[in-house]
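Listed next as structure tokens is one chain, alone, in the form predicted on its own.
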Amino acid sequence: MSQSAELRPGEQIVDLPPAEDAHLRYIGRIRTPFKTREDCPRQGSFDGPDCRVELIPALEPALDGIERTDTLELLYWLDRSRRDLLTQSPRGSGELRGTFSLRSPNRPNPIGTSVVRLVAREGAVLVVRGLDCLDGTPLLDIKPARCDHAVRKRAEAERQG
């Protein structure tokens, strides 16, 4: 999506100065079956389709030990999103809301997050379920999901006590 995409009734935009304060590096690309925004599920699901998280091959050692967790949090750059919307009308709602009160991909810094289920690791590629982004989306980071750590810690405490 681009800045020239059509606005819905009541939506407002802002003209921001060029961004110059963050220097992010894409660490790979996400491959999904979703070619258009309309194809994307509203939110990902662990029973959704297998998707591939393709890291830059040089970063493969950074994945060592990743199989120790079942769930991961992916951060990615929603490169086809508008960055100038102050208010938005969510698809099909007719309601007007502020951008920061929504999970819309259209935002000043279009960073997306998903908690995904790790299915397999194939070298520098992770097979996951639970994504809701477009095919080819640039990957920013991968982290063990907080909830996975909390669940493991609780289960360990229950076994000991």
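Keep in mind that what you see is a predicted model, and the values were worked out from it rather than measured. Position 1 is the first residue in the sequence shown; the rest follow in order.
Not pictured, yet referred to below: the form predicted in complex with a small molecule.
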Legend entry - Within 4.5 Å of the small molecule in the model of the complex, all of 41, 113 and 134 (non-hydrogen atom): yes
Legend entry - Region of this chain that lies against the small molecule in the model of the complex, out of 125-133, 52-60, 65-73, 93-101 [heavy atom, 4.5 Å]: 125-133
Inset, instruction - Tell me, yes or no, whether residue 85 is in contact with the small molecule in the model of the complex, where a contact means a heavy atom of each within 4.5 Å. - result: no
Legend entry - 4.5 Å heavy atom contact, residue 48 and the small molecule in the model of the complex: no
Inset, instruction - Answer for residue 105 alone: is it within 4.5 Å of the small molecule in the model of the complex, judged on heavy atom distances? - result: yes
Legend entry - Close approach of residue 31 to the small molecule in the model of the complex, 4.5 Å, heavy atom: no
